[in-house]
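In the block that follows, a single chain appears as structure tokens, in the form predicted alone.
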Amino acid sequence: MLRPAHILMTAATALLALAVVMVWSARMTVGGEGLAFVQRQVIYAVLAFVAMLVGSRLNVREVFRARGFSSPLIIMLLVSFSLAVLTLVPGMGRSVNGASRWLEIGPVSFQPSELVKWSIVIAMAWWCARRGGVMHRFADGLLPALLLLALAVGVVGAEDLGTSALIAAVGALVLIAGGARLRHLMIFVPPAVAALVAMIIMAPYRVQRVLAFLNPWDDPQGVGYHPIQSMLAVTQGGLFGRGLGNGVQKFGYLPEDSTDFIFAIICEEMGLVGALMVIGAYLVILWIGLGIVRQCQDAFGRLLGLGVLLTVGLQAALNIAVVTAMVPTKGIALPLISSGGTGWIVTAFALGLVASLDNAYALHIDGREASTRTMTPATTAPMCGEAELI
């Protein structure tokens, strides 16, 4: 029987498959340049699919039950924060486009900010579920979670302002869904805005991006070059695009064509139809995922699923807004499509966790029906992730 989890995972797999094709198209330029790179992306896509399958088979309630330093959540937070700090250590962090976001350990290179981003989603859901009765209070309900969230934003924001803003937004929304009062959070809006403005002013390249957004044609060969080339790629695709592999902007005109601006290449080669297909796949994931979250009777599972969907949805919306020059240029990936290993694998795993909520619900319903057939009355409501209790 086809369940919502199957539809969600199918949509995510379709995005991964499209990602491999579009990365191949963006990198396979004259002379077959980038073949080894594309082969790595195929391996990453397979690993991401396996990670999603593994996530769909896990019982998220085990994370909620575990306590102390044996908790997977504590281990995840310690490891992700430590790795994020190591990117700032000279000789360990690898600088890309002026920002040290990558960590190299031997032949392995990855972005610790991705691990922090998803660890915080789980941590916020865990705290709200465990402290649900006092989340409306500031001191012992909201404040400890806010301190952890602020630490994550500070660690990541040192080199990646876009991801830190995403972490802050998703964390705040999960806290509100978990029972925190909006007026308590509003107290921190002015200092957060002030910190954001300060971080922009202290980095000249960020100021240039804001100026380019206001009027890219003031310096079309300088700071305005990137948004102009992105808009050209989007508009030149028309309704059906130039055809797969026939794009022009990838031939040295559009920077980051296989990473943060791959959506522009999709628009150029697949046109409006291709762009709408990508957006439609994200909407399917969000719609089906929200349906899974709504049927979940367990607070931790419900908040975890909501946090995952918010992260994927907001990140996709922000990337598309950047590519279409609706917001200033910011280095943030398109989930499951922009080339990369860390992002694909952890995002697919997180979506697998959302699918696991539906799988647990299905097992509970099947078990309850079996109990009914054997004249054993069902007396408990379905709990996401508690299939092992049946």
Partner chain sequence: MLADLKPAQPTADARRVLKVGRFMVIGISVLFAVLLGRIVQLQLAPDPRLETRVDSQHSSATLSARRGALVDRHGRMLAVSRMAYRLFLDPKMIGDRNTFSERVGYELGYDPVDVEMIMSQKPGNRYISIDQRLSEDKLARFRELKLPGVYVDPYVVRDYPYGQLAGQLIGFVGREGKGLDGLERELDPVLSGAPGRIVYARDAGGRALWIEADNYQPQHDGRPLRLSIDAMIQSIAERELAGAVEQYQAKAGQMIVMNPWTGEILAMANYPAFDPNDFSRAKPEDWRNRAVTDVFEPGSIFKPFIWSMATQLQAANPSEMIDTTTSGVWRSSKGRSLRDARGHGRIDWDHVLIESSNIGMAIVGQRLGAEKLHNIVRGFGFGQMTGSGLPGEISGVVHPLPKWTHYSVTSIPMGQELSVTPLQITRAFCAIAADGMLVHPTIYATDHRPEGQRVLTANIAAHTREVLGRAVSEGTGRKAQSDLYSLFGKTGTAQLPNFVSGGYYQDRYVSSFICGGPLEAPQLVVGCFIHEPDPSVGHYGGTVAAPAASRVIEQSLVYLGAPTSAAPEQLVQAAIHLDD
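Since the structure is predicted, the reported quantities are computational estimates derived from the model, not experimental observations. Residue numbers count along the first chain shown, from 1.
A second form of this protein, the form predicted together with the partner chain, is not displayed here; the remarks below concern that form.
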query: The partner chain in the model of the complex: contacted by all of S82, P112 and A150, heavy atom 4.5 Å; finding: no
query: Contact test in the model of the complex: F261 vs the partner chain, heavy atoms, 4.5 Å; finding: no
query: 4.5 angstroms heavy atom contact with the partner chain in the model of the complex for I201; finding: no
query: Contact label in the model of the complex: A180 to the partner chain, heavy atom within 4.5 Å; finding: yes
query: The partner chain contact at W287 in the model of the complex, heavy atom, 4.5 Å; finding: yes
query: Candidate stretches 268-276, 187-195, 117-125, 152-160, one within 4.5 Å of the partner chain in the model of the complex by heavy atom; finding: 268-276
query: Residue among A165, V223, A299, L146 with a heavy atom within 4.5 Å of the partner chain in the model of the complex; finding: A299
query: The partner chain in the model of the complex - contacting residues of 302-332, heavy atom within 4.5 Å; finding: R302, L303, L306, L310, G313, L314, A316, A317, I320, A321, T324, A325, M326
